[in-house]
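For reference, the chain that follows is the form predicted on its own, supplied as structure tokens.
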């Protein structure tokens, strides 16, 4: 990706400046989001304009100023070129999502993982996503498996609003239920013991919600998809570190059916997923 960016920016940047171009570069619908080192900030608008000129599908270029943070996992974005907007329609595997990049969490890099989970859901399942965002997991599941019910919970009012819109946009409002509120409270009051499958795609905080996932899951045989961030340590297997973290939190018999690295979340930080089957409470 870095090489691709450098090719696009030849003639705009010097050879030395081109060497500073980093690989982080996402296209979400018709919006491109780039990360730039401080040395290139004086030319940030030139870079934005060049990307508009070279990438015909791109109508807006934004710069990522900060990483995802805060209660709603949002990031600071700066407008660089093209149409001044932060909202976009994004298509993935037959679904279309209205996304507000400035006010909600969204990553196109999780597309493969969303598809993987959707492919695992079986007819008749009840699925609970404790951190549903704008509904991406839920819509893909409901499209793939019409005979299911998905509760997609989020505390971010903007994400909840867009999740409702996206259920109608994708014609799955009969089987996807967006729920606004704290997933701990929602699971305890309304969804205890209902889920065949629980999703926990909030890797920086999922370990705080393990008990909530257990509350929502059915007595035996349910699956929890547990996502976490693991800082790499020389000589240590990140999957083993993730398994240890989960076993310290999950106090019921369980079996890890699959574990893998999903993506590189930052320097020396990996996002890991574990598919965990509960064997009983």
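Positions refer to the first chain, counted from 1. Nothing here was measured: the structure is a model prediction, and the numbers come from that model.
FYI, the form predicted in complex with a small molecule isn't displayed, but the following is about it.
- This chain lacks the partner; the member of 172, 148, 110, 80 within 4.5 angstroms of the small molecule in the model of the complex by a non-hydrogen atom is 110.
- For the small molecule in the model of the complex, the listed stretch (26 to 34, 66 to 74, 215 to 223, 39 to 47) containing residues with heavy atoms inside 4.5 Å is 66 to 74.
- Remark: residue 210 does not count among the residues lining the small molecule in the model of the complex, judged by a heavy atom distance of 4.5 Å or less.
- Contact check for residue 136: a heavy atom falls within 4.5 Å of the small molecule in the model of the complex.
- For residue 182, a non-hydrogen atom is located within 4.5 Å of the small molecule in the model of the complex, even though that partner is not displayed.
- Residue 202 belongs to the set of residues with a heavy atom inside 4.5 Å of the small molecule in the model of the complex.
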